[in-house]
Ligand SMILES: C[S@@+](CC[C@H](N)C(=O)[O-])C[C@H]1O[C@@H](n2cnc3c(N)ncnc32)[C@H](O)[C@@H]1O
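Quick heads-up: it's one chain on its own, the form predicted alone, in structure tokens.
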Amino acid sequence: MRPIELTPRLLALARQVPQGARFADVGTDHARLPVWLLEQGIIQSAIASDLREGPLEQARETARRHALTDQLSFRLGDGLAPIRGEEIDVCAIAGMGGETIAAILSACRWAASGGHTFLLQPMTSVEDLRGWLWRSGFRIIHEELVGEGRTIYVVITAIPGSMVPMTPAEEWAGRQYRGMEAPLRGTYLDRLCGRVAGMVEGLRRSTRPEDLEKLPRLEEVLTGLNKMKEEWDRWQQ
């Protein structure tokens, strides 16, 4: 059996897993990530959990094909509910919306109080997840942008702890600093500026009171994103 190959977005998650970690993959689907980490000798054990039995059976089949069934524990359940905090050091939650990831962390009693590292890869609502993290007892210690096809994915590494509050624009784009390694950041900021500008224009044309209430906040986001883009472009010169 050939070793598993990871897509760029999954490889970006794998790069954040330290040697010797006890690992959990929430929403594991085919368990490609934990199987790859085990085959590479990076982790000592893994838990693969999923909300549905179908994907979990696919995960078991992947483990069987790669002769790793004994090193993987399979858990059926919602989010982190089937996992005990003392079992793991690092947890990946990927392939779902940012609001869903926030709900999973919020529902877990041990998530914000232990010494765990969370590797988060939201497919949507990244800004909602960043905002929830810094307001809810988590500190973002690293972000990475990774391209797969035309899509730019975000990998957020977070641990329990406090952090300096993020601005509205930082919730959308993440923090930046001079000298950071982020080849895709310019493109990422361009796309965010275009997306938010379109949303602002749509709200300005709307006559619904609830849309007009959202407008000042989103205009603040757009102003901040444009400043971040100008700053980033200046740093690259």
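In this text, all values refer to a predicted model and were calculated from it rather than measured experimentally. Start at 1 and count along the sequence shown; that's the residue number.
The form predicted together with this ligand is left out here; the points below concern that form.
Task: Listed residue (211, 29, 39, 190) with a non-hydrogen atom within 4.5 angstroms of this ligand in the predicted complex - done: Contact with this ligand in the predicted complex is made by 29 alone.
TODO: Sort through 96, 158, 111, 102 and report the residue having a heavy atom within 4.5 Å of this ligand in the predicted complex.
DONE: Result of the distance check: 96.
Task: Stretch from 161-169, 125-133, 142-150, 87-95 whose residues place a heavy atom within 4.5 Å of this ligand in the predicted complex - done: Of the stretches listed, the one contacting the partner is 87-95.
Open item on the list: Test of understanding: in the predicted complex, would residue 77 fall inside 4.5 Å of this ligand by heavy atoms?
Closed with: The answer is yes: residue 77 has a heavy atom within 4.5 Å of this ligand.
Open item on the list: My question is simply whether residue 229 lines the interface with this ligand in the predicted complex - judged by any non-hydrogen atom within 4.5 Å.
Closed with: Although this ligand is absent here, residue 229 would stay clear of it in the predicted complex, with no heavy atoms inside 4.5 Å.
Open item on the list: Check residue 52 for me: does it contact this ligand in the predicted complex (non-hydrogen atoms, 4.5 angstroms)?
Closed with: Contact check for residue 52: yes, within 4.5 Å of this ligand in the predicted complex.
Open item on the list: Can you tell me whether residue 222 touches this ligand? I mean in the predicted complex, with a 4.5 angstroms heavy atom cut-off.
Closed with: No.
Task: Residues from 1-24 in contact with this ligand (non-hydrogen atom within 4.5 Å) in the predicted complex - done: Sequence-ordered list: 9, 10.
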